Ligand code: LLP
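First, one chain by itself: the form predicted alone, in structure tokens.
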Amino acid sequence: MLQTMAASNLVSQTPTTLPTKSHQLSSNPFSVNPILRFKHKPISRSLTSLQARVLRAVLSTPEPKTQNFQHCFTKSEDGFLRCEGVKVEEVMEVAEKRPFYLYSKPQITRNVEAYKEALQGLNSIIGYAIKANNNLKILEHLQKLGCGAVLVSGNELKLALHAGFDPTRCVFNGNGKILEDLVLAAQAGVFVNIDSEFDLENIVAAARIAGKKVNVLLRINPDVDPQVHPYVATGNKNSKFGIRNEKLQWFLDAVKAHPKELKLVGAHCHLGSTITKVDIFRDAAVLMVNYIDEIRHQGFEIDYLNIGGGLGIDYYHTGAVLPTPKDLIDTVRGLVISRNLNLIIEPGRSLIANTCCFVNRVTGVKTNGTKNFIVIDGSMAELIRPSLYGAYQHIELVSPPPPDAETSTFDVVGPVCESADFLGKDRELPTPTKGAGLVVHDAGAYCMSMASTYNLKMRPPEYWIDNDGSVSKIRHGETFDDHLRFFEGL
């Protein structure tokens, strides 16, 4: 009955729902005029005393106690994996017979509420990083929950506006923003980060074209080591992002020279991603408020401090006690209040990663004599993080294996014609049967948004479990016909 009801619903052209047992939501969580170039001048007051001030502030603030994030995917005593109480195996029976992403809508809500609770008492903007996951239905939900949006392309800006985000709560980041996109940003009225000399020139040009003054923040590279994979470190001296500290005065002079085009309202930094030590955020915030002091000393009305995002999650599922949003905000709260600032944060992964599993079916099991492989229908095309970063994401079967199943060490691999096509290596798992369900956990962030059509594997559909326990499709899977449409009329 369950399968029959859902099959008819899920094939429709609009998001549909499958009634299942209701589960309550937990209460917790272009030609333009040339622009004047400026000569470098030293900043009015020396920043050389920053190190001592940073040291004093760090030593006076203890590392916070931490607690676990609640998780929506649980393995029950009967051996079945459930999402908000709904068997993943049941969802597999009614979903398209191909790899798919499965989210928990209540978990998304809980994660946002955790940030809201952490930010109580502060004027703040939770700017969701759209690059982490750009599903329109998820964006609409986050917008209704009160989030702003963080954008790194013109299309992300267009999508944010389509989803209903308030542009005055949106920030346009990026080290290579093009003029066309900046014009759109100026017209919409979003905050824009200045990332370089040419970026500033382009923002001024965009303001002139749009006929609007742009609220800008200076993205300062604090040169703080986030202690993460180099591919996701953005705030050290080797990063392509942000302005060099010693060039700060140049940028202040440049902003002063364009009062009709630019209004400097804040400072921004972003350290990286998967950060699990909140004292790193504190170190950067100390530096940033001291820069804000220097900028205010020159007459600028700075109202915003943007400390970026990057809070990590427990990808290993080992029960590690990791910092929560409250831990993060508490490390910078005093600094924000002391300067009477509005705080902008840019969470992506910590809002969406743990709300989702990538669901696959086992095609077969093989060995080459030295290695055992579980071959699944999903691949690096749909989920590239392990191949790209060597990232670990927890893998498990969705239902109990046969009683006689032998547990062995496997590489979990896909059908793509690349040796890099793996979802996990050296995993201890019961030997699965053909067709068995297998999930890759914590797949909500930087998975579907980075998916490709390599080997012409079409990007998969997405579903979520709603607050009442029903299943809804929130994105159609791409098809071969979709691919052919790109060549029509050529």
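Values in this document were obtained by computation on a predicted structure and should not be read as measured data. The first residue of the sequence shown is number 1, and the count goes up from there.
The same protein also exists as the form predicted in complex with this ligand; that form is not shown, yet it is the one meant from here on.
- The candidate spot formed by C357, F422 and E462 lies out of contact with this ligand in the predicted bound form, as no residue has a heavy atom within 4.5 Å of it.
- The candidate stretches are 370-378, 105-113, 124-132, 409-417, and the one lying within 4.5 Å of this ligand in the predicted bound form by heavy atoms is 124-132.
- Checking L311, I329, V214, V91 against this ligand in the predicted bound form, a heavy atom within 4.5 Å turns up for just one residue: L311.
- This ligand is not shown here, but in the predicted bound form it comes within 4.5 Å of a heavy atom of M450.
- With a 4.5 Å cutoff on heavy atoms, R385 counts as touching this ligand in the predicted bound form.
- Not displayed here, this ligand is approached by G348 to within 4.5 Å at the level of heavy atoms in the predicted bound form.
- Although the partner is absent here, Y392 is not a contact residue: none of its heavy atoms lies within 4.5 angstroms of this ligand in the predicted bound form.
- Contacts with this ligand in the predicted bound form, taken as any heavy atom within 4.5 Å, map to no residue of 390-416.
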